[in-house]
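Just one chain is shown here, as C-alpha cells, and it is the form predicted alone.
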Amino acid sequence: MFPVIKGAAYILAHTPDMVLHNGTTQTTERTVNPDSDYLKQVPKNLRSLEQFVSYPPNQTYIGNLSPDELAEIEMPWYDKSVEGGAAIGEMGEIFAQDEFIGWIKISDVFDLVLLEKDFTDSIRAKIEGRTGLADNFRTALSEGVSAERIEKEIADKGAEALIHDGQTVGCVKRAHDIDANLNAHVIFENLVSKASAAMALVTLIERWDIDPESIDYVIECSEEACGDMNQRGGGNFAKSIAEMAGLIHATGSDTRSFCAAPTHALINAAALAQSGIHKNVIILAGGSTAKLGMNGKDHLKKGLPILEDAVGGFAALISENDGVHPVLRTDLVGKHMVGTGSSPQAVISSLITAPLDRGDLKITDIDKYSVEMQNPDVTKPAGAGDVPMANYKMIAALGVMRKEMERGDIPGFASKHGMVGWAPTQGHIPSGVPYLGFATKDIMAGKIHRAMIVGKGSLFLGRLTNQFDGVSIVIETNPGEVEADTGVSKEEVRQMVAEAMRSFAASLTE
C-alpha cells in the first residue's frame, strides 16, 4: 500500500538586521566596497514586521491565503497588504526577529551563543510557551550576560554579532581557534538553519497534534553542511533538530541536492514508510542567511524594498497508509538521469511525462503541478522572470507536442493546472514542497484528485559536475483501502513454523 502525507507546516522568520549583516550580497559588498551607496540604502529600505506579515505571498506561505486567492491580487504585491493578515496561519507561523534570535540560542548546546541579559528576559516567555519543544530546550535560555562581555568576544575573538533593531544583543562564538569550518560565521549559519528547521518541526507537532514519540525517522534537506576540518559536511542536522522536539525514538540523516533536496527527501521518506522500515517519517529544512538580500541591488534600483528579508523553513509528516490521507504514488516518480541532458524539453520529459506514462496518465490528468514556486515579485525585478510560469509554459508545450492539448489551451494551462509563486527565495524552500500543505488539504476536501511535486536543482554550483538535477512524485486521493490485519499472532507464526519443520523432518524418515 502506498504511504500517505498527513500534513505540513511552514515558518518564516523576519530578519531585517540579518539582511544587512549576514546576507552574502551585502557582506561581499562590504568587503569589496565598504563605503558603497548600496549599503547605505539598505537600512532605509527594509520592511517593518507589520509590512512583512501582511505581505500577500507571506500570508499564502503560512496558509492564510490560498494560491487561488493570491492569484486574484494584482501584481506587483510588494506595495499591497492583506487586511487583518495575522502572524499565525492554518499551516504555519511568522516569527519576529527577536524571537528567532532566541531560537538560535536554544539551538546551541555548546555554549557558543551569548545573549545580553535584558534581551534574554524580553524573549523568555515566547520561547517557554512553545509546547512542541522538549522541556530541556523550552527552558534552555540562560540568564544572559553583560553587553561588555559580548562586545569583547566580538572585538577580541572574532565572534559573529547578533543584531536586533540596530543594536548588538548577542554573539556567536567560534568553536575552534583555527578550523575554518568551525569559525563563528559558519557556526552562526548552521545554527540559523537548525533553529528555523526546529521552528517548523515544533509548528508541525503543535498544528497537527503529533505525538513526538511516534516519529521513527527524520530527513533534513537544507542547503547547509555541518562538520569540522576532517569531514566538512558530515552532518547530522536531522538528529540535532529531532532532539529539540523530543523525538526520542527517532534517528535520522541529512539529504543534500541543492534546490531539489526536499523532493528527494519526500521520495525517500515515502519509500521508508511504504517498506515498513519506519512508520512515521518527517522531512524538514531550515533556511539560509546567505540568501538574504540576494537580489537586493536589483530591487533597490527599481524602487522596491528589500524583499528577501526572511529565513524560511518547512516540515512534513509521511506515514504508512491509513486509508484517509492522500497517498504518495511511489510508482509514479520522475527523475533527471545522468544521461537525460540539460535541454528544457529533456528535463521536463524526464520529470513530468516519464512518470505519467508509467501510470497511463496524460499531462492534463494532473490537477495541480507544484514546480519551483518562486515568488515572481522577487525574481522578475532581478531579471529571472516568473519561474513558475516559465515551467508551466514548458509543461503545456509538451502537452501540445504529445497531442494531449490544443495550442490554444496553453495560455489557460497555468491558471488551471498551475499556481502563482509565493515562496521565499531560500534556494531549496520553493522547490515543490510549498504546496504540500495545500495539496493535502485540497485533496482531502475533494477540490482536486491528483497533484505532482517537482523539485529541480543546480548541481553545477558545487563545481563538481555540470549535471542538472530533478525528481518528481505524484500525490493523489486515498482510495480508502488499507491492508487487512491477518489476525495471526507471533506465537501462532512460531507454531506454524514449528509444525512445518516437524512435517519436513518426518518426510525425511519416510
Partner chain sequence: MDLENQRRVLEFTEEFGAENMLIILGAAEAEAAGLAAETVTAGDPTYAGPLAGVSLGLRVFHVFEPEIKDELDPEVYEEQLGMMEMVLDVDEIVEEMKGIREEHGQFN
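Remember, it's a predicted structure, so these values are computed and weren't measured experimentally. Numbering follows the first chain given and starts at 1.
Absent from the display: the form predicted together with its partner chain. The rest refers to it.
Engineer: Heavy atom within 4.5 Å of its partner chain in the model of the complex: which of A290, A71, I410, A140?
Structural biologist: Of the listed residues, the single hit is I410.
Engineer: Answer with one of V145, L398, A354, A175: the residue that has a non-hydrogen atom within 4.5 Å of its partner chain in the model of the complex.
Structural biologist: Checked against the cut-off, the match is L398.
Engineer: I'd like to know whether G385 contacts its partner chain in the model of the complex, with contact meaning heavy atoms within 4.5 angstroms.
Structural biologist: Flag for G385 set to yes.
Engineer: How about S343 - does it come within 4.5 Å of its partner chain in the model of the complex, if we only consider non-hydrogen atoms?
Structural biologist: Result yes; S343 sits at the interface with its partner chain in the model of the complex.
Engineer: Would you check, heavy atoms only and a 4.5 Å threshold, whether M75 touches its partner chain in the model of the complex?
Structural biologist: Result no; M75 lies far from its partner chain in the model of the complex.
Engineer: Within 4.5 Å, heavy atoms only: does I104 come near its partner chain in the model of the complex?
Structural biologist: Because no heavy atom of I104 falls inside 4.5 Å of its partner chain in the model of the complex, the answer is no.
Engineer: With the partner removed from view, which of 166-174, 206-214, 95-103, 386-394 is the stretch that lies within 4.5 Å of its partner chain in the model of the complex, judged by heavy atom distances?
Structural biologist: Checking each option against the 4.5 Å cut-off leaves 386-394.
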